[in-house]
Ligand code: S3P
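Given next, in structure tokens, is a single chain: the form predicted on its own.
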């Protein structure tokens, strides 16, 4: 196990053009290529543990992947049964979306992951898939991996989700593509919509109305191949947006980031706190892409209780900004944080308390009284976003974070970028 120590930073000015590529879009680019007729071309694929595991899984499922280190060329003649156990590593996105993709494929498939993923709930996906005919089993009656899937015929469905989750929605959409009739999926709040955008761009008939009902027509044949350049991940970029917002006199330009409205809500929350943030659109094909400029400004407390699914991944980093703001900030309706790579409500609360910040914990969030961050020793619990959030907090006061190998699952060059701002050392834990 490794720990990282970061020193307090001075003001900085950076233009960053190598933020980690978007993890969600990278996962989907590999998976959706399995549905296409022809060669899909994927540029700027995220080469991190989670997404490389997805790439290995599609190889096991029969895809041919040519990789010159810069561009992937993926071709498939349909999903083939594999005698390999399909290892999703630490990725809940990978496991949940593969459940949907494989539920209609002919064959038997086993999905597993690391010790953290094997403890995360999967019934939110397996239960609705079972209700339409999918044969899925696993520990705790299909709630915990390893999961076993016997693909087969699926029934058309009309499903209303009680949670706004892009992973659940995506799994059901992938299943719907091979159901025996038109399917409808309703959510109470629009969750991230990369799946719909990308599949529509490939020729799938998917429409979402003003009541947040997504209608999916079954495929009549293979989709068109993808030709996509994966944009920078806004949830990764957000760490450095927070850094510029809390280190006095700093500014940063984050280049080539997806500006999808369902992905940049955290930036708008930070802007509501007083941060000076501007957006510049550069292109718009599968996704709107552009630059985000963040300049330091004094922060004020806010409440975050709406559109939670649009910023769920960024809430740990936003909590660091809240700890540096004037007043009492509140996060509500975020119970989904309990079932991420760690219980992120508990890990955010305990981490901030270790840094001398007053925090009140709720079942669905927390309240943070802004104050003076103090150097602490933080346990990441194997959660990459907790590890990175508290290293960013360390730019204000210094910080020690345990178990930082998990950062490689989503942001392999995080430390390279952090070293442009402050002195950092990574070493084996004592």
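Numbering follows the first chain given and starts at 1. Predicted model only: the values in this text are computed from it and were never measured.
Omitted here: the form predicted together with ligand S3P. The next part is about that form.
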Exercise for the section: Just give me the single entry in 93, 250, 76, 208 that has a non-hydrogen atom within 4.5 angstroms of ligand S3P in the model of the complex. Expected result: 93
Exercise for the section: Name the single residue among 312, 202, 144, 349 that comes within 4.5 Å of ligand S3P in the model of the complex, judging by heavy atoms. Expected result: 312
Handout entry: Contact segment among 134-142, 164-172, 151-159, 269-277, judged by heavy atoms lying within 4.5 Å of ligand S3P in the model of the complex
Key = 164-172
Practice task
Indicate whether residue 24 is a 4.5 Å heavy atom neighbour of ligand S3P in the model of the complex.
Solution key: yes
Problem - Non-hydrogen atom contact residue 229 with ligand S3P in the model of the complex at 4.5 angstroms - result: no
Handout entry: 4.5 angstroms heavy atom contact with ligand S3P in the model of the complex for residue 124
Key = yes
Exercise for the section: May I ask you to state whether residue 340 is within 4.5 Å of ligand S3P in the model of the complex, using heavy atom distances? Expected result: yes
Completion exercise
When ligand S3P is considered in the model of the complex, the residues of 60-85 having a heavy atom within 4.5 Å of it are none
